[in-house]
Structures are given as C-alpha cells and as structure tokens.
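Next up: just one chain, as structure tokens, the form predicted alone.
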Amino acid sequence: MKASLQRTYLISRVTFLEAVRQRFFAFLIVLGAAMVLSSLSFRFLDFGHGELKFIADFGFGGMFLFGSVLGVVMTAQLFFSEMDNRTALTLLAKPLSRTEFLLGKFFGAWAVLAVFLFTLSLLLGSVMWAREQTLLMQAEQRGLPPVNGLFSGGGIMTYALLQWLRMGVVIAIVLTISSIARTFLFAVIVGALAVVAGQLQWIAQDVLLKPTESLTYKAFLWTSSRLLPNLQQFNIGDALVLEPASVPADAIPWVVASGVFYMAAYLVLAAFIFRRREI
C-alpha cells in the first residue's frame, strides 16, 4: 500500500512539474489575473455597494472560464503526451499499475488547478477588500451610516475550495473521456461539451423531469439527467462572499458530497476503461 502511494505521488509530482512549466499554464494564469484586475477599470461608475457584486461576478466568471479551459486542455494534453511519446509503455513496464498511473495524472493536474484557482482567488480577494475600504471611506465622507460585513474573506476561500472540487470533477471526466478516445482533439472537444452539458444540466432537469404517471419514464429521466454532474450547483460565490448568512447550513456539505461522489465515480470508470485499453 505504501509503495503504491509512493508511485502515485511520484507520477503526480512529475505531472505537476510538467504542467506548470508549460506556456499554456502561464498564459492562462496571466490572462485570468488580467481579467480580475480589469474589473477595477469600472470603478469610475458609481455602482455603490453593487460594485462589489460586479467585481465578484467578473472574477468568478474568469476563474471558471479559464479554469475549465485549463482543466480540459491540460489534462488531455498530459495524458496523450504519454501515449504519443510512448513513455507510458516504459512507465507501465515497471511495477506501476495503470490505476496508479491514472491517479498520478489526476492528482498532478488537480494540484495545478489548485495553484491557478487560489492565486486568482487571493488576487480577487485583495481587489474586493481594497474596493470595500474605498466604499466605506466614501460613505463616511458623505455622512452615511457605516456598513460592515460587505465582503467575507473566508467566503471567497470557501468558494475557491468549491471551485477546486468542481475542477476535480472536470479533470476526472476528461480522464474518463481520454481513456476511451484515440486522439487529443477528440478528448478536448468531448470534454468541453461535457463541461457545457454539466453547466446546463439543471435546465435539462427542469425540462425533462415533468410530472408523469409512467414510473419507467420517470426512472429513465432521473437516471439520464444524473449521468453528468450539475456543475451549476457550485456557483454560490455571491452568497458566500457578500451574504454568507444567507447560505443554507446544508448547502455546502451537499455540494461537497455531490462533487466527491462524481469525482470518485468517474475516476473508477476511467481506471476500469484504461486497464482494458491497448497502448
């Protein structure tokens, strides 16, 4: 067991170092940081306290957009680089199982997403805190009553953890697709479509899960609508950051449980498929 964990850790470490050295990672993290900072260019518009919500939405949108692109493209690239360069044959010829290889790729890619998301979250938190201080100072100068608790630093870190979990689900889905696919392009396209479908899954539930007397039809719709995770459930950033008291007590545990379940399920499926794949 200890040897298996060590082998998985070594694959994860090599995967992480390989990913962070890529120009694609540096490009996306710079682009994401620029998007977060660009929200300050709207400070000349007097949005009042609504400005913080605008900055939060802008930053969260950038984190999800670029994080999803990084999760899909980077994961597929890291997987297929081993296949195309035939290094997977060398690695798997040693006492390294395919499951350990796949888990190493997953945790390495997930660690890269942690660096990406928490870097942008710290930057976004700094921007929001600085703007909050300005708004409070302006309110004091105008003789308005002081308003406390506009921005929750703990809330933005909680949101970053939830987004990291969501990206873990995305990486697990892409690894499952990559285990089936034969080309990098196919894995990226299908992976991107899966992310879009996951974002729109709640709409499909509202449309499809209409009242019906057929238990078979009900069971089919319920099952088919849950094959992909509802990625929209992770979007509770505004409430966590600006109104943490409004978040139901069971909301975060439910989202975490759902994310862990889908992540584990797709990794098990990916390992099952990969063990039967010809390399």
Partner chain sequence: MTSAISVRNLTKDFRIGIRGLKLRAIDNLSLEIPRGQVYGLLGPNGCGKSTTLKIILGLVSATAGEISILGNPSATASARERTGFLPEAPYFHKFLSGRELVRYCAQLSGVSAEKVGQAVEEALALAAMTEAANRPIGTYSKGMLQRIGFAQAIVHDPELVILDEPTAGVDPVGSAAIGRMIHAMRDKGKTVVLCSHLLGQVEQVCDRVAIMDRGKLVLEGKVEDVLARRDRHVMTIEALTPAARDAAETALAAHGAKVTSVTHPRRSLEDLFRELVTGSHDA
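Positions refer to the first chain, counted from 1. Please read these numbers as outputs of a predicted model, since none were measured by experiment.
Form predicted together with its partner chain: not shown, discussed below.
With its partner chain omitted here, the record of contacts in the predicted complex names 88 to 96 of 192 to 200, 68 to 76, 111 to 119, 88 to 96, defined by a heavy atom within 4.5 Å. Its partner chain in the predicted complex is approached by R21, whose closest heavy atom lies within 4.5 angstroms of it.
Using a 4.5 angstroms threshold between heavy atoms, E82 counts as touching its partner chain in the predicted complex.
Among residues of the shown chain, L10 is one whose heavy atoms approach its partner chain to within 4.5 Å in the predicted complex. Looking at V268, you'd find every heavy atom of it more than 4.5 angstroms from its partner chain in the predicted complex. Looking at 248 to 279, the residues that come within 4.5 Å of its partner chain in the predicted complex, counting any heavy atom, are R277, E278, I279.
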